[in-house]
Each structure stands twice: as structure tokens, then as C-alpha cells.
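Coming up are structure 1 and structure 2: the same protein chain in two forms, each one given alone as C-alpha cells.
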Structure 1
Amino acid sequence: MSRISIGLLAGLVLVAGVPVAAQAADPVGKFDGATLSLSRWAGDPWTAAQVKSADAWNAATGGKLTVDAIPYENLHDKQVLEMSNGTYDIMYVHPSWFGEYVSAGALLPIDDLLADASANPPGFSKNDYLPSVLSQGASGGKQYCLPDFVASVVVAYRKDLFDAAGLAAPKTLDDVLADAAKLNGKDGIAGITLPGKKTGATADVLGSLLTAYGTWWYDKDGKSSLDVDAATKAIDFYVKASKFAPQGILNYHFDEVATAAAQGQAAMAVSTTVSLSWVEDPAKSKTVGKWAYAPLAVTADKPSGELIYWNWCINAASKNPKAAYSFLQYWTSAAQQGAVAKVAATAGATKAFYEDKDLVASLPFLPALQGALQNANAQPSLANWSKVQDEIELAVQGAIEGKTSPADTAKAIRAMLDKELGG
């Protein structure tokens, strides 16, 4: 997979007056008596929203779709175990699992269904999706999945603390470090918080930093291509930022980062737009309304990030593929994603999502997200990425703990990538 520019995403929002693509909000098809099971991670408001959508889909189609939501940390294992017996018809597939699922023949190609007029709303085509995001669910010339949950890694900063200290909004990574140093320890608050746990979060943040510094794990052929000098700078940022972070970040996933920020434990937070929605949730946050967001950038004119997304895929062993596709199409529509976005700080993957001016205006995180996605690489989806990601995060933890220097860490990661991906 090559470097992906997602300027299109930002551009779409600026396209005024373009007629919104016709995409009916109602599910397509009748599936009386068909019973389906959907596998996803557990977490509200997403799960609750999806259960609601499943109920609506059931009522409209006569099918019976149940949602099996389990913790993210166990989702991959459960899906792998249940894959071949057809327990799940629809699976929420993380990018890092997509490659291995496809190579195992576990996912059903949906090109025919995408092109079937009887399976889609009037006027619908695959072109309704953002091409750069839709392509993440394709492999070997076949489309397997439909995307949703568009997000990226950004910096959130406390406006009140910045104003009180006379600091301007951070525009570059150097600004972030300088501001973190100045604010660290004031009133017992850490300068910045960011994840350091081996759960994928650390790789996501480092991936975003790598993109900002102009390199990526691999080239368009999937071969190791990491520039060691650029990676050294990215890891150096990680290590320096961690010096101003609260204790315990080596056990911090995005959830813990967002919790620390929401509870007023840090002046800045590097995390996903999704998890940062917590800081604006009065039920979870003591710091509602005090935050602003900015993309990561080495130079102010080149904001960068990582395209974070999830894929909705149909199990190759599903006995109801057409019904499963009907729900996929329904759930990833602009109408459904728009409803979720307002409460979950995610964005959809259809063009119509960004053409809804009222919707866009109601999403405060969107400018930073769009900035980040102007220069973004998508989360890796190679067949053996799970193991590679583990090794990357292990190396970064070693650098944060001071066991290895950023330069040696970058070299070690490059050597590991050469071995696992081929150089």
C-alpha cells in the first residue's frame, strides 16, 4: 500500500452547492426469516447506535440481525476462532487484520453486490464512497469491504491553560514539545499525555509522526522503506514528549489518554479524534469546552496524520451474503454515519457525509481531522502486520524507558521491517 493523500476529504467539504448524492436512508431488500450475526467491538455510543440500526434494518427487511459486541482487545481472537464456522456474517475488521483475513480467503468479495442495482438504493454506486478510503477495503483488484469510522491522530490542547500562560496555539511538533515543557508541572498537571501501551495505539501515533517527518513503514509494494533519519526524529519526539507525560503512559491506550485529559491531568493530549470526544462529554469530562484541536505538523504548512478507519466485511462462510451486504450498505450510508458522528466524533466515508453542511458544521473536531488527513498514510493492512506492529511498539517502549536511543530504535525497527517485509 502506498502513501495516500486524502486532500480530497478536505476539499469535499469546501464544495458548496454540489447536490447531495442520492442515498436513501432506508435499507434495501427483503430477507424474511434470514438470521445474521455481526461481530464488532463493544463501546458506546457506537454499539448502541448499531443495535438501533440493526433493529431498523430488521423491521424494514424482515431479517434478524444480532450484534455481538466484545472488547476490542479480544475481538481479533474471537473472529479468527469463529470465522470458518460461519458464526459471523458481518465482521468489523481492523486494518491490521484485513490483510491476513483476505490472504486466508476469509472475506467475501462484494464487487457484484456493489454493482447490483437491486441490492442498492436508486442512484447508488461505489463512487459514492471516498475513493481513498474505499480502496483500503480492496485487495488484488477485488473490493471486499465498506469503510466507516474515519478518524486520525491529532493534538488537543487546553485553551484556558495556553491563554493563562500566554502561549499561542501549537502549529508544529516543536511547538508542542516547547509548550509541554512550559506547562508541565503547573498546578500538578502534566504537559502532555499520549499512549505508550502495546495495543496498536503507540504504532498509530508513531505512524502519524513518521508521516509528518516524511517517511512510512513500507513502499507501494509492501517492502520495507522506512527512512532511519526521519524515524529517529519521530521517535525522538515520542521520547521527549513522554518526559512531560503523566506516570504510567507505558500502560496507556487511547482510552487512558482521553481519561487523563478529560480529568484535567494534562495540558495537551496526542490521541485519536474519536477518543478525544470524551473530553467534550460532560458525563466523562471535567474540562468540557476548554479544548482546541490541531493536526500534527513538522512545518505549519504541512499538517499530517494517519487515516484511521474500520472495514465492514462479509464472512466468506456467511449463508446470507446478500442480506449482510444490505446492512453494510445501510450502515455506512451518510445518514447512518451522520447520526453516529454527532455523538462519537467519527466521520463517515461517503462523499455525501461531507456534503451535508449542517452535519459538518456540527462537528467541532472536523477541521483538525481534515487537516491531518491532507497528508496521511492509511493504517497498515499487510498480512503479517500484527507481529510487525508488536515489534514496533516494543521498540518504542524501550526508547521511552531510555533503554535504547531514538537512533538505535529507528535502526532496529528498520532492520525488523527488512526481515519481516523484505527490503
Structure 2
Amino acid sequence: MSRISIGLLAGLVLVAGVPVAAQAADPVGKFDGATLSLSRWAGDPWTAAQVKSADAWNAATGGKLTVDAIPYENLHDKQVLEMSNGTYDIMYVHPSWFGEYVSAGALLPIDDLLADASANPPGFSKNDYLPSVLSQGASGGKQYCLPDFVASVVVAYRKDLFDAAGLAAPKTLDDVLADAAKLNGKDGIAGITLPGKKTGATADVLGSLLTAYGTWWYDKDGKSSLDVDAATKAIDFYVKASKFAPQGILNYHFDEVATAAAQGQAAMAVSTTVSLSWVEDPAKSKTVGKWAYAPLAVTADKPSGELIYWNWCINAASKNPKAAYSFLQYWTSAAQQGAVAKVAATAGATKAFYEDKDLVASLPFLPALQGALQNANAQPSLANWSKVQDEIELAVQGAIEGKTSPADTAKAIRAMLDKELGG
């Protein structure tokens, strides 16, 4: 996840009113006397939750796992410095570092461990994970990492306002625009709110729309592949939706979108699942219980989204790989991720996470999130993406302001991608 996203999530730690009943899951294996170290960024509540899980794993297995949490900006260099000597057994690996670490032989393939019945709970297999999420930790036909902290972009809509207007739940992007037009201005609220600020949020939303329209920024080799016609449709949606949004959305990040929705200023909101948890928080929202959620979709049978996730991997130099895997399997389980969701409103990567009725009741966006993940591209993580993303968001802002047409904006973005990524 990008640093911007981490900063955003750090602001969402106190998601009150999310009573999650996480079940206790038993770690697998006994590792008496084994000592392990986990490398991660320093950020509560995730660090605190992982330390708590490590303590539980230690008590159950006899091993001793410690967590080395340092500032994110120093994490990559520290891992590179230490990974070859085996200081770290388990590492948080940002998507943009994954290819570098695999190429360097720094990560341990875990296919054998995933298939080893003695290393997993009864009945467990890699099929327990959502395929589109699990695949982000694979390369060259080998699985290296297990994912967690999942989120995506969805649309939230006010059930009470839709009922009062006699509107059915929106199932497609055309529905969203039509409903926004009908509800805009009623009782002084906007038809929809969505981000327009150049902070990553606008690119995340447009990326989700591109996926819905069947294209993506680049191909599997990282080369420019954007379909201009599909991108034009995605940008056209953005521009039309912005006409029904509150004034000033060019200054709206996900935070402002969630705040506007929570304060009853919009009938719909397009944002991340994590930020939309605000509208269900009695401490922050005047509209608790009035929201329903749907994935973005061009056709109702093909929901789409952008995959936001984090990866956890085993250092190839670890002296205790089976013990390290035991903790990873335990940490990414539905029960442990449910416990994290209680305070962070993130989601897990296992199918069981989304089948937990208590979780779904507490985090009502989960079915929409799961639908979005059926057809999702992962948040871009190319080495030069930060510069590319800035150019994309400036172009979208120009389209919203009417300076350029959606078609010319799409052509300009494609030309920029060709230049920066190679066509």
C-alpha cells in the first residue's frame, strides 16, 4: 500500500461501533526454543495487533517471535541491509519491493508449506484465499507471500433517500449517474461525492473505473497498455459524477469524501472501504445505519475494483522457515484478520473472512468489497509510478474543470504512459 494510503489508514484507527467477534484460531506446530524476528513498519493499531498475535503464537508453539517495527521510510533499506544475514525471518514487503526481492532471491517460495498438511489447520489449502489477492504474492509460478489488510473502492448509497425517491439499488455505473442526477439538490444535499484531490485517491478511483471498463494502465511487463476508448468512458463517468458532487471536490481526498457522507451531505459516495467505515461510526456519523454498498460495475454481472493489500513473506535466509510460515498462516487467518478489522476496518484475504456473519454485520461493505475483488487490478506499484500518478491526477482534474474533454484527457494519459513506461 502506498505511503499515502498508510497515512490515511493511520487516521482511521478509532473505528468505533465495530464490534467484531473474532474467534480464537490455534497456531499450527510446536517450535520450542526457536527464535524469530518479524520486520514491519511502525504504525498502530496494526503493530499492536501483530504484537498481540505474536504473543499468542509464542504461547501456543513455544517459539519466540519478536516484532521489529521501524518508520516506513526506513523499512526498505533496513530490510535490504539485514535480509541476507537472516536477521529477519518474516518481512512486510511493499508491492513495489516484491519484484526486487524475488529477483534477488531474498524470498522463500512457500508452495510446499501451503501444501503440507502438517503445517496447516485441518482442511486448509491455498484455495482458502481469494485468488485475485493471493496471486499478488506469486511470481514465476511460485507463491512467495500471504496477503492481508485488503481494501478496495466501492460506492455507498443512502437507503433511506433511495427508498423515499422510489429508486432501486444502483447496479451499474449508468445507474449511479442516473440516481445522482435525480437525488442531487434534494433537501440541499449533493447527489454523490467522490475524491478529486491529487493525493492518490483520484488515481485509485479512476483505476477502479478503468478495470470496470476492461482496461488497465499497463500490461504484465509493465508497458503502457491503456485502451483510450475505455479510458474515455471511465473519465467521462468521473466528469459527469463530479457535476453532482459538492463544491470543491478537487480538494477532496478519501477523508473528505467519507466526512461529507457521514455528515449527510451526499446521497452516494465513491471511496475506499476503509474510509467508508466512518459512515457507520456513531462517533463520526449522523447517518449510521442508512447506508448500503455496491461494487463499481459497467454491467451488473461483472463488479470491479482496485486491490489494495499488503504482503507478508519469509526471508530465504530464515533459519526457521516452518515456524515463520506457521505465524504467517496464523496471522492471515480469518480469525486474526477479524480481530484487526475490529479496530482498523481493513479486510482479510481468506474466503472465510467474508463468510463470517458477525463481521459482515459489523462491516456491511464486505459483500461489495468481495464482489469488487472478483475483478480487480492491484494498486500500481511500479518504481516510477509516483510521477505517473501525479500526471494522471492532474489530467483528471483538468477534465473535471472542463479544460479538456474526456477523450483528449484519455489520449494525453496514454501518451504520457507510453513515454514513462514504454508502449
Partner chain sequence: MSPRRASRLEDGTLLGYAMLAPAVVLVGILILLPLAYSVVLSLYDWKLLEMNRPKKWTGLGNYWKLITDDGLHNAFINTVIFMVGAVTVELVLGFIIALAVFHMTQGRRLANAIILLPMVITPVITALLWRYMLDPQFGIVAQVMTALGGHGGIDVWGSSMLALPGLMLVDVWQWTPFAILILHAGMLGISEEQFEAAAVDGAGYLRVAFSIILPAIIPQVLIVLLFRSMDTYRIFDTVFVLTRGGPGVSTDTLGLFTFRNGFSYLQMGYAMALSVFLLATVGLISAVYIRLLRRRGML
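Numbers given to residues start at 1 and step along the sequence of structure 1. Superpose the two forms; the largest set of C-alphas matching within 1.5 Å is the rigid core. Note that the coordinates shown come from a computational prediction; the quantities given were computed from them, not determined experimentally.
One chain, two forms displayed separately, with the form predicted alone being the second of them, structure 2.
Relative to the rigid parts that move between the two structures, the hinge contains Ile308, whereas the other entries in Val279, Ala245, Ile308, Leu210 stay over 12 positions from any hinge. Put simply, the small part of the chain turns as a rigid block by 33° against the big part between the two structures, using C-alpha fits. Core-aligned Cα shift between the two structures at Pro121: this is 11.6 Å. On a core-based overlay, Gln136 has a Cα shift of 3.8 Å between the two structures.
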